[in-house]
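Here we start with a single chain on its own, the form predicted alone, put down as structure tokens.
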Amino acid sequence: MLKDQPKEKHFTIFYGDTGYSYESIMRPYFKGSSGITIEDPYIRASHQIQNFIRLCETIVRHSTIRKINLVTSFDENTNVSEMRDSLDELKQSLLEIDIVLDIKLDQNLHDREIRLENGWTIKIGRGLDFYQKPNSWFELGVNDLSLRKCLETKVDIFKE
């Protein structure tokens, strides 16, 4: 394996840990990938969509990915119209910088997985929603997720 190649990783983020952002976890694995598929049934509530937007921002800043596939779900408590409107606004925003966002709804979706076209798979037990809600919207970690306290979750990164 080349020195600059990312390695397979398996670790636990513990409750209250900080220092974890989408960039710190995923960035090394973006190299050489033009597409990414995010399967996460919980990209429906406003804060979950905000987490997805933060992932998209990370993708835009640190990769050559031009196609993002999102597969998510909804339940009887989901305002599907509001969810679609929010994701459509993001889709348009990405299109303006030549990145295609394809959105599919799958009511049977349960597992969470991120697959890159270069063969890497990233599984985060809680999906993108592994951050604690801040005590105040005026504290560190509100915008910089590496400063936000986490919920406990396992992370598995491996190559198919």
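If you're wondering where the values come from, they're calculated on a predicted model, not measured in any experiment. Position 1 is the first residue in the sequence shown; the rest follow in order.
Omitted here: the form predicted together with a further copy of the same chain. The next part is about that form.
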Heavy atoms within 4.5 Å of a further copy of the same chain in the predicted complex: which stretch among 116-124, 30-38, 102-110, 59-67? 59-67
Considering non-hydrogen atoms and a 4.5 Å limit, does a further copy of the same chain approach Trp137 in the predicted complex? yes
Are any of the heavy atoms in Gln50 no more than 4.5 Å from a heavy atom of a further copy of the same chain in the predicted complex? yes
I'd like to check something about Leu94: if you look in the predicted complex, is any of its heavy atoms closer than or equal to 4.5 Å to a heavy atom of a further copy of the same chain? yes
Taking heavy atoms and a 4.5 Å cut-off, does Leu151 contact a further copy of the same chain in the predicted complex? no
Checked 75-90 against a further copy of the same chain in the predicted complex; residues with a heavy atom within 4.5 Å, sequence order, are Ser86, Glu89, Leu90
